[in-house]
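To begin, one chain is listed below as structure tokens, in the form predicted on its own.
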Amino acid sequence: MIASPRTLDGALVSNGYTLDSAPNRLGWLTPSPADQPVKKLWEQFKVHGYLWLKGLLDREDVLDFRRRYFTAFIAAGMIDPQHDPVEGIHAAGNADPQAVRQLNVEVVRWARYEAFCLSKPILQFFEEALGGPVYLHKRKLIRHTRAGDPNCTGAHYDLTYLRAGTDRVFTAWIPIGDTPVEMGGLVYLEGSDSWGRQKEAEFTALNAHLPAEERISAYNRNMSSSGWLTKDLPSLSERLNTRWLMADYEAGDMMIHSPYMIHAATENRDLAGRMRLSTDIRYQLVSDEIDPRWTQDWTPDDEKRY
């Protein structure tokens, strides 16, 4: 068991459910220094279903992008202009929802964002790990979450949304800025890669009689309305007799997880009011089958494609 590096500052909450702080229900992710040989790192990935690469990216490059991002949202009233935008302090008043929505659409098309996702350390890692040229899925997600927002991503595994392509597709989740546990980064269900594979096999059997388009959908009649397994993270860890694993992420880190690894998000409870910013992007060998639904830029409410 990994020893807790510190005591949490308050409870860990997701969608109104408080995660059990007992040692058998809550633990810490195992970090891997990014300067280790890629072959060794990939072996660790195969064992755990995730890889927490410490310091893969240049910290200042990550913070520079964070500053650019939040600077763009000052005019929309979302970010307090009295602070350095890199802090991402949410403004006290009401932001213009239409302006924020439009910026969300624009940001995923920024050349600067594309360059961030295709930075040399990321490409080098995936090409060496997978053994060939890789493809970055065009639908890339970047998310900001204000402190106090009770809505969190529920427990799920990513292949639910990627069934029309290869299952050799890997998610990179990048915290854009320091993200201690209290800011609500991703949590992972320990040992869940194998359970996710079993669950997907069950869904495949249940979906076998459905029309082709519905069979690959994350929202078909055999799934929940969100594609999630549940919002109730504590009950899932109890039922599977395992732990949710958390981390104090730092700018420069990158998480990689398998398409079967179950994960979720927790509430941002940062006392300073800083917004959490992260991106989740997906890579695979270009020679493997690509889910055609991921070949377009993200747009609001485009989940209907999945």
Ligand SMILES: O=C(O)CCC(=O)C(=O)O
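As the structure is a computational prediction, the values presented were derived from the model and not from experiment. Residue indices: 1-based, along the sequence shown.
The form predicted in complex with this ligand is left out here; the points below concern that form.
> When this ligand is placed as it is in the model of the complex, which of 189-197, 100-108, 86-94, 156-164 ends up with heavy atoms within 4.5 Å of it?
It is the stretch 156-164.
> Would D248 show up as a contact with this ligand in the model of the complex if we use heavy atoms at 4.5 Å?
Output for D248 is no: heavy atoms all beyond 4.5 Å of this ligand.
> Determine whether any heavy atom of F125 comes within 4.5 Å of a heavy atom of this ligand in the model of the complex, and answer yes or no.
Although this ligand is absent here, F125 would stay clear of it in the model of the complex, with no heavy atoms inside 4.5 Å.
> Is H257 close enough to this ligand in the model of the complex to count, meaning some heavy atom within 4.5 Å?
Result yes; H257 sits at the interface with this ligand in the model of the complex.
> Do F116 and this ligand come within 4.5 Å of each other in the model of the complex, heavy atoms counted?
Because no heavy atom of F116 falls inside 4.5 Å of this ligand in the model of the complex, the answer is no.
> Please tell me which of R66, H263, R274, R243 lies within 4.5 Å of this ligand in the model of the complex, judged by heavy atoms.
Looking at the other structure, the residue within range turns out to be H263.
> Exactly one residue in R143, R168, R112, K138 has a non-hydrogen atom within 4.5 Å of this ligand in the model of the complex; which is it?
Of the candidates R143, R168, R112, K138, R143 is the one lying within 4.5 Å of this ligand in the model of the complex.
> Heavy atoms within 4.5 Å of this ligand in the model of the complex is the criterion; list the residues of 264-296 that meet it.
If the 4.5 Å heavy-atom criterion is applied to this ligand in the model of the complex, 264-296 yields A265, R276, S278, D280, R282.
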